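Below you will find one chain, with nothing else, as structure tokens; this is the form predicted alone, and questions on how it binds or moves follow later.
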């Protein structure tokens, strides 16, 4: 049950309402961007498996440019049960991968200028992410939403902001320390 979180991301989103594979991907890319990702290559095969297992069912689609029907999926009662079972399990330990930090580990192989460039890029990325998360929170706070997860979404956005604030502070300290070392 734990090895394939993709299936539970899909089940959870479909528990909110019927949607297509494209809709699922779009929501993941927008809402989960800072803590989760899934590719179409993961989503579509999993939709097929979940349907075969009876956890999802197809709904009649809408015309797609007059040529094709979009496959819309709906979660079944069995799917809701599987999702509830997964939700009751403790979360797995997160694993972070950062090529940036990996390269800093071997920083003596790089020039101070190159390291400064990497840290500057890191800062710009996280500054941009912080700005986006702050705007998202502001927009979400202005929305009256009856969904039970609305309050939780705001908490996730705030955590994302704190993480980016920490990254920015760390990068600023690092650049200052590098400059001090260079003058010693």
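Numbering follows the first chain given and starts at 1. Predicted, not measured: the structure shown is a model, and the values here were computed from it.
Not pictured, yet referred to below: the form predicted in complex with a further copy of the same chain.
Open item on the list: If we define contact as a non-hydrogen atom of the residue within 4.5 angstroms of the partner, is residue 12 a contact of a further copy of the same chain in the model of the complex?
Closed with: Contact with a further copy of the same chain, yes.
Open item on the list: So in the model of the complex, is a further copy of the same chain close enough to residue 22 to count as touching (4.5 Å, heavy atoms)?
Closed with: Contact check for residue 22: no, nothing within 4.5 Å of a further copy of the same chain in the model of the complex.
Open item on the list: With a cut-off of 4.5 Å between heavy atoms, is residue 74 one of the residues that contacts a further copy of the same chain in the model of the complex?
Closed with: Judged by the heavy-atom cut-off of 4.5 Å, residue 74 is well away from a further copy of the same chain in the model of the complex.
Open item on the list: residue 183 versus a further copy of the same chain, in the model of the complex: is there a non-hydrogen atom within 4.5 Å?
Closed with: Residue-level check for residue 183: no, no contact with a further copy of the same chain.
Task: Residues of 100 to 123 having any heavy atom within 4.5 Å of a further copy of the same chain in the model of the complex, listed in sequence order - done: 100, 101, 102, 103, 104, 105, 106, 107, 108, 109, 110, 114, 115, 118, in sequence order.
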